[in-house]
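In structure tokens, one chain follows: the form predicted on its own.
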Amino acid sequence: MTERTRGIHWFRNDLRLEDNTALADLTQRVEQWLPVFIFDPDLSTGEGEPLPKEIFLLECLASLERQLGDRGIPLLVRSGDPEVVLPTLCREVGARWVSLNQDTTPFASQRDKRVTAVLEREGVEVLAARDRVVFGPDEVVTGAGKPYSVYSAYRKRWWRHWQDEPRLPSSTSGLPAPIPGVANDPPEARPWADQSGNSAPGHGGGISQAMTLLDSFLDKGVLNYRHHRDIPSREGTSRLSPFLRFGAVSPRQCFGRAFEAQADNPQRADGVGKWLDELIWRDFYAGILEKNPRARRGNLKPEYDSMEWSENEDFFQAWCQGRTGFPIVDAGMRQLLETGWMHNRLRMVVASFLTKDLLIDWRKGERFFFDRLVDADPASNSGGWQWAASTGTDAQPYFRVLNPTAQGRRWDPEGEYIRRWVGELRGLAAPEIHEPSVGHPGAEYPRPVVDHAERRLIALDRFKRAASSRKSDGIR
């Protein structure tokens, strides 16, 4: 056995064995391998109780460890800087390849460049693959070869590209033998040892849970997906976003299973098509961030860099705590605080309310979501927030201002969702529940923190002035 037959796969946001692009590449080259996960201190809050996404990550790791264990392969876990940990491991075991699936956030891109440079200086070849999306931003482009900035046009071109080059999941024929004799942490020292059963309600990490949810959704839920997906009181969505976030399931597996379900029952075609369109948003936002790294924390549309945001901390805290006096907004925020998840329609409503009614910088909301969502994905989270704030990819100008009361009446007409999450209003019937009396004697529920009609006009004026100031500078 020569040292050149050994390799390491660095697991990150690809916590599965099936349809794992970089891992499949490695398995074709080596006779022995080492699966590794590294807890990078730069990616951990390190304070207080673990966040829902951290618990979910640990559960996905525990599931991956069981999968590997069933094949007699131990999962090696280390903590530290990957620039130090990986070269050390390569020298220790004589590995000449390291495989990884690319993560194209600004932080990850810079980290991977540094790690690759260190490994290559040591004579280690890095096998990097694009795995988190179906198509990268250089594959779905305009006729002029430019990336798309509007989703509707991108989606049409994406599907044309799929017709020419469909990418369905690949199967793993087998894994090489493990590299023997590598010391691992004792089981009781595993980070997930104390987290069993602590996941946010409705979640539980790992490929088995992901496939159970996927199959259940495609069996029945997808039939009414187009009609139920915007109703927060229903379980009308797949709830697979956390699994996609950490790679417990791949987007190609979702597409493959969806087409199989459609072929089995053509009545699923409408729901399958709409659901897959929603998955394409992941590719779109990932490409936006890859091509525009500043969009992680900066306005994609630079004309809004001069936007006059409010610094009202009382408003912000009312929003964070679900105490704004707007029932549908508060219900969404309380669901997030309790479960680590929020219905997608409500994400748009509460984001619009923060940025257009309270006039608070979208970055504060994005950070709050990123810290608390179990499915917090850097590209999708910042992309969604900028869409709501009109600083990103929304094709409509800034005058899209959602009326929170009207949104509640439209998507939760009977108030079922509001009653579930806003206990103070459970005794109210529709339509009163959507606009409880501001003078309700003895009511525990707060009065509205702002007047929506007034704030809408202020928002329109501020956005207009920001856009106009950019033009007056001669920048168009």
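Only a predicted model underlies this, so the values are computations on that prediction, with no experimental measurement involved. Numbering starts at 1 and follows the sequence shown.
The same protein also exists as the form predicted in complex with a small molecule; that form is not shown, yet it is the one meant from here on.
Trainee: Can you check whether residue 380 is within 4.5 Å of the small molecule in the predicted complex, heavy atom basis?
Mentor: Yes, residue 380 sits close enough to the small molecule in the predicted complex that at least one of its heavy atoms falls within 4.5 Å.
Trainee: Although the small molecule is absent from this view, report whether residue 119 comes within 4.5 Å of it in the predicted complex, heavy atoms only.
Mentor: Output for residue 119 is no: heavy atoms all beyond 4.5 Å of the small molecule.
Trainee: Residue-level question: is residue 351 within 4.5 Å of the small molecule in the predicted complex, judged on heavy atoms?
Mentor: Looking in the predicted complex, residue contacts with the small molecule include residue 351, since a heavy atom lies within 4.5 Å.
Trainee: Taking the small molecule as it sits in the predicted complex, is residue 244 in contact with it (heavy atom to heavy atom, 4.5 Å or less)?
Mentor: Answer yes; at least one heavy atom of residue 244 falls within 4.5 Å of the small molecule in the predicted complex.
Trainee: Using heavy atoms only and a 4.5 Å cut-off, decide whether all three of 239, 278 and 375 touch the small molecule in the predicted complex.
Mentor: Checking in the predicted complex: 239, 278 and 375 are all within 4.5 Å of the small molecule.
Trainee: Ok, 299, 344, 233, 105: which has a heavy atom sitting within 4.5 Å of the small molecule in the predicted complex?
Mentor: The option sitting close enough to the partner is 344.
Trainee: Looking at 259, 369, 135, 97, which is the one with a non-hydrogen atom within 4.5 Å of the small molecule in the predicted complex?
Mentor: Of 259, 369, 135, 97, the residue with a heavy atom within 4.5 Å of the small molecule in the predicted complex is 369.
Trainee: When the small molecule is placed as it is in the predicted complex, which of 381-389, 394-402, 168-176, 76-84 ends up with heavy atoms within 4.5 Å of it?
Mentor: In the other structure, the partner sits against 381-389.
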